[in-house]
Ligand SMILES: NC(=O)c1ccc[n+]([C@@H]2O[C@H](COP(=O)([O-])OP(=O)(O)OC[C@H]3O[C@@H](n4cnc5c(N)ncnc54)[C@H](OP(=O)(O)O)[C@@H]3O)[C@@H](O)[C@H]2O)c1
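Below you will find one chain, with nothing else, as structure tokens; this is the form predicted on its own, and questions on how it binds or moves follow later.
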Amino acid sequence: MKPTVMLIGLGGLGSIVLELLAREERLGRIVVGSRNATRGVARCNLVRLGAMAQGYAPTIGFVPLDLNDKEAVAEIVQREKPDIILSTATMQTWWLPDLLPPEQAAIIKSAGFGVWLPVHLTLTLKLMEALREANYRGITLTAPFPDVVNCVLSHLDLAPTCGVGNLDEIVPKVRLLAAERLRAPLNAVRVLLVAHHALEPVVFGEPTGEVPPYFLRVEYGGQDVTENIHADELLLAPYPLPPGPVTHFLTAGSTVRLMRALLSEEGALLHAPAPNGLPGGYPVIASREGVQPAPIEGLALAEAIVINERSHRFDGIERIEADGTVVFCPEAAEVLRVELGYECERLTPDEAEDRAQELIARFQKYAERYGVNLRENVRREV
């Protein structure tokens, strides 16, 4: 029997993932869950017809699903019995600060991405609580800020299998540039990278200060060529990407590749954030058995974890405590206090929803002061 995938969330990223999944012939059913049934059914119909126009025949079903109703989510999961669950659901999409005037956008983003943790943690926490209630034993993948969200959840014994995107979006750039420098085919080049979400804006932007720590090895024909090709230069070489939701195509491609590996017997060496709740991203072995960090010659897993824990501060997070409480860097918290009137130096998981609602409301008012209607822009994206 072909596997069943459940996709939760039909925003910008979820919609693109659905398009790609509809063209995966090894899948059985695709079950789509979202709060807005009218829009959800229409989107599923469009995806089905689009895939058929290209010669595919996907089986796609829609179920109304609200992560705020944990009992209902548990019942749906028990009924549908998915092999893989992918959640892209978050309370606020990541790219909204880019809509501000450049000066204000730069100020807000200087706090780091971590200050938005409440809006990304809340729904994933509710999902994992519902899956525990459903006694779900399948694979769970999450998109919203997994490098930190899933690490927090691991302290509550609620860690998803792993996250998607982030680190794995950097690796293709390094492989491509390394292959060009070596004048070698792509399939002869292997990259092993340990890095945090905080490195991605540096890799695809302009490094202007301290670079988050990372570990990088490039192999060609089974030999370590990292120093010979100056791989660190390739990692940080200019490689501009368009801003905003158009980059969801990159994340979606990475996500579907990971899902293919998770549905295969043989598995594959890939990269993924937060395997089993670890901080940051790692090379992983992904197969039907799940996701495990891949061994790296010369780098113990404990050393890799330290690299990513040290990287938290580049996203504005000082540390994550044993009970899942997140302590923000003082300078990051100060940016939101001054700009938004939002004061949050520490965040416990149980207060994430209240803090998320407050942060969203304050940010919307802040944007309105500069002539930006965030609600309208979100409606256009989805």
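Residue indices: 1-based, along the sequence shown. In this text the structure is predicted, and so the values were computed from the model without any measurement.
What comes next is about the form predicted together with the ligand, which is not displayed.
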* Structure fact -> Students should find that, of V31, L67, V335, C344, the residue having a non-hydrogen atom no more than 4.5 angstroms from the ligand in the predicted bound form is L67
* To do: Identify, from the list V291, A178, L123, V77, the residue with a heavy atom within 4.5 Å of the ligand in the predicted bound form.
  => L123
* Asked: Contact between H248 and the ligand in the predicted bound form at 4.5 Å, heavy atoms?
  -> yes
* Proximity of L18 to the ligand in the predicted bound form, heavy atoms at 4.5 Å -> no
* Asked: With the cut-off set at 4.5 Å between non-hydrogen atoms, does P144 touch the ligand in the predicted bound form?
  -> yes
* Do N308 and the ligand share at least one heavy atom pair within 4.5 Å in the predicted bound form? -> no
* Structure fact -> Only one of 133 to 141, 162 to 170, 296 to 304, 104 to 112 has residues with a heavy atom within 4.5 Å of the ligand in the predicted bound form, and that stretch is 162 to 170
* **Interface residues of 17 to 49 toward the ligand, as seen in the predicted bound form [heavy atoms, 4.5 Å]** => S34, R35, N36, R39
